[in-house]
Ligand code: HEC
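The chain below stands alone, shown as structure tokens; this is the form predicted on its own.
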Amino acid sequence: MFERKRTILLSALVLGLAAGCAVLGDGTYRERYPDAQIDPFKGVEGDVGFSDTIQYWRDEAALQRHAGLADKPAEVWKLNWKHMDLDRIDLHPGHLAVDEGQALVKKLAARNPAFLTCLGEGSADLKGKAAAYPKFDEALGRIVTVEARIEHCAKSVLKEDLSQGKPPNTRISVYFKSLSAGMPIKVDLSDENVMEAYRRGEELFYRKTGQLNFACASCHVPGSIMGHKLRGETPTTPFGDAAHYPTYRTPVGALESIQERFARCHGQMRTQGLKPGDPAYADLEVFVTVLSNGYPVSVPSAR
């Protein structure tokens, strides 16, 4: 009798874990975190009236005026960690990854110059190109991120696997994006395909999932955990956040793309994350990047 009860309890636990770790986008009904009413056309300025922390990190002058917050544990989150972008801190592995990515692009382009022109959508000059991603690619018929472009070009031109989430892809991405450093992000919301992706990503942002019944919004909108300690981290506003990816993540000691960060967050939420490159993560990247529209690309960075 004891063994039978033990088996039943273990079976129930396994089923509960499976239900709690249901995959995002599988059609299962889930609760939705209250909508924060974000206006996508305001871009990064949508943080005004949202967290109102943009006043501390909007530009270099604002960061300099409020540099003292970096030494205040309870208030440093208000800087949105922008004081760690680009050359504001000492040399870190993110800078080294730029050089590694550049070397890898040169090596692959030497094998076939079409790889570079594929990355540049017909041009070998990549400067400024990354600021317009994610975008809808007519030829591919889907939303394409920088990492997706790299994967596609490697596969179609070189017959090589540079899958999203793998270190070579991320190194090329950080190099590619560094060539747009300082240029404002400009995801094209006039493209109806991009706008549809934004709305799908918005739905994922507010959808609760996993054993903890959390949504992205549970940590990143007013009235949530934003600005409060959650274990060893303090969640910040999502506005301006996409600008620094891929970033060198000091807690894990690795370069991390934004979609790898999505998967890590979902793991912390006790839900089954998706692989980088999944269409749902591409939509979520569109949503988050639109909230950085108008803010300069800030790669390389560390967090």
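Residues carry their position along the shown sequence, with the first being 1. All figures in this text were calculated on a predicted structure; none of them were measured in a lab.
Absent from the display: the form predicted together with heme C (HEC). The rest refers to it.
S.K.: Check, residue by residue, if 36, 203 and 295 all come within 4.5 Å of heme C (HEC) in the predicted complex, counting heavy atoms only.
M.R.: Judged in the predicted complex, none of 36, 203 and 295 sits within 4.5 Å of heme C (HEC).
S.K.: Among the candidate residues 56, 248, 50, 262, which is the single one with a non-hydrogen atom no more than 4.5 Å from heme C (HEC) in the predicted complex?
M.R.: So the residue touching heme C (HEC) in the predicted complex, by this definition, is 262.
S.K.: Considering non-hydrogen atoms and a 4.5 Å limit, which listed residue (225, 158, 96, 103) is close to heme C (HEC) in the predicted complex?
M.R.: By the 4.5 Å heavy-atom cutoff, the listed residue in contact is 225.
S.K.: Is the gap between residue 258 and heme C (HEC) in the predicted complex 4.5 Å or less for some heavy atom pair?
M.R.: Residue-level check for residue 258: yes, a contact with heme C (HEC).
S.K.: Find out whether any non-hydrogen atom of residue 269 is located within 4.5 angstroms of heme C (HEC) in the predicted complex, and reply yes or no.
M.R.: Contact check for residue 269: yes, within 4.5 Å of heme C (HEC) in the predicted complex.
S.K.: In the predicted complex, does residue 219 come within 4.5 Å of heme C (HEC), counting heavy atoms only?
M.R.: Contact with heme C (HEC), yes.
S.K.: Though only this chain appears here, would residue 233 touch heme C (HEC) in the predicted complex if you measure heavy atom gaps against 4.5 Å?
M.R.: Yes.
S.K.: When heme C (HEC) is placed as it is in the predicted complex, which of 210 to 218, 138 to 146, 168 to 176, 108 to 116 ends up with heavy atoms within 4.5 Å of it?
M.R.: Partner-contacting stretch among the options: 210 to 218.
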